[in-house]
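Next comes just one chain, in structure tokens: the form predicted on its own.
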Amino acid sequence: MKLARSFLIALFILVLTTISFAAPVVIKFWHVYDAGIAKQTIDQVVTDFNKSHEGKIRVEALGISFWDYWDKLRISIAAGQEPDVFVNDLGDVIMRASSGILLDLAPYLKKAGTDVDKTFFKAPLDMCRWKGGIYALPFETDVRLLFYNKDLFVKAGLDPNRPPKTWNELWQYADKITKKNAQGDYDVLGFNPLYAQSYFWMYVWGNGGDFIDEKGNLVVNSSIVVKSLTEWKQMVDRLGLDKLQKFNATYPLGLNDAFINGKLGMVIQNNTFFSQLRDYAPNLNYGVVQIPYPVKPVSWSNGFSIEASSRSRNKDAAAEFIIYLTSKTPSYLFAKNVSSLVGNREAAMSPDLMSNELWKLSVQTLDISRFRPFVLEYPLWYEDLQKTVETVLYGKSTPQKALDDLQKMIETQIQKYRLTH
């Protein structure tokens, strides 16, 4: 009797152990795709992954509103309760990697046989590298392009099929398009350097400049940056800062966007702007080209990365899901369904997608696009640069002095960081 009981207990333990081993690893995944076709697509991708890994890995995805997501993720990380895998800002991966929060994916990518340099576009992938490791993979990215109103071109006597190829041409065209009302305010503006996605740092790049010197130092007062800010102020002064601000207030971005309402001849916008034009101005006759600049064409990118927590209890499964999520088929689905410029090169360059001229232009622009350089000791340096530019535009300082002052402040902040870290 005792022998039978012992046998039953052993059998019960064996069954429990078998069940335990059969239970799949659960991966929690947070993202910002909480509605519409984006949610449907990400749900499909997760479902496909779960089916192909049935009994081994199960991903539980949670979509959170974009406006709430960042606070929730930040709080969860601070509390040490972050999900295993999450969407984050591609522009500051290094900041999180340096703090130890992120899992280095390099060993897992090597084991999976993934050649990251062939798989992903260079610019977004470079934002995921830190000290020889790869701490995220680029899921979505974007570029800035020049949209132009063909009907306004015709009214100004310009060829609608010949957009500007140089910065000088852009301003020549803009002058012909611009019209003022009886009060002297702009009724139609050819180009506005202070509107939408037009930023000073892009002009510096287009002028052949940079903010990182040959030694890897952040330098904002080099001769080319000073020259660029001098020219930027001249452009704004020529149009009138007060009049530009009044124009911007009259046409805030969104439904009242100046380009959508036929009041702006040319505008620098994100490549996703075409979806707003499709929804709000389906009959607008427009074209899209790369942004012409004084020295060379350039664009600016940012986007979303996919990251894994270094504190995850299931690192292997988390890495496997990230590699799957950013692979060709899931990326292609996201690109096709959501019109998102994905980081996976092969997916983005699928023949059916590349047959769309706007998509093709966006992909080609990634080859000349840049990210704002991330500076670990001073991550938000570009916000202070923007404030410095505004100081100059308002006439409160000269370009040279304002940038010299900013450089001193940057060096002080970097020194403080290095003394405390």
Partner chain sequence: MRSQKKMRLIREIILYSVLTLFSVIFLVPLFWMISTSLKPESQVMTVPVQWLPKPPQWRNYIDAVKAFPFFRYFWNTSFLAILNVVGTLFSASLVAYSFSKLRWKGRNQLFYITIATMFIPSQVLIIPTYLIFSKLGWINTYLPLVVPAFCGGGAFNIFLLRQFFVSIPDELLEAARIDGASEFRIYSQIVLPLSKPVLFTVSIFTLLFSWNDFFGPLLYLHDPSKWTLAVGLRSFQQQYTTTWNLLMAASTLTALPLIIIYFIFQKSITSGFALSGSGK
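Numbering follows the first chain given and starts at 1. Given the structure is predicted, the values throughout are model-derived calculations rather than measurements.
The discussion below concerns the form predicted together with its partner chain, not included here.
In the model of the complex, at least one heavy atom of D71 sits within 4.5 Å of its partner chain. By the criterion of a heavy atom within 4.5 Å, L380 is excluded from the residues contacting its partner chain in the model of the complex.
When contacts are judged by a 4.5 Å heavy atom cut-off, A35 counts as touching its partner chain in the model of the complex. With a 4.5 Å cutoff on heavy atoms, F304 counts as touching its partner chain in the model of the complex. Only one of 46-54, 59-67, 386-394, 365-373 places residue heavy atoms within 4.5 angstroms of its partner chain in the model of the complex, namely 59-67.
Comment: its partner chain is not present in this chain, but in the model of the complex one of N207, N221, N337, N270 has a heavy atom within 4.5 Å of it, namely N270. Interface residue among Q81, S99, T329, T230 relative to its partner chain in the model of the complex, by the heavy atom within 4.5 Å criterion: Q81.
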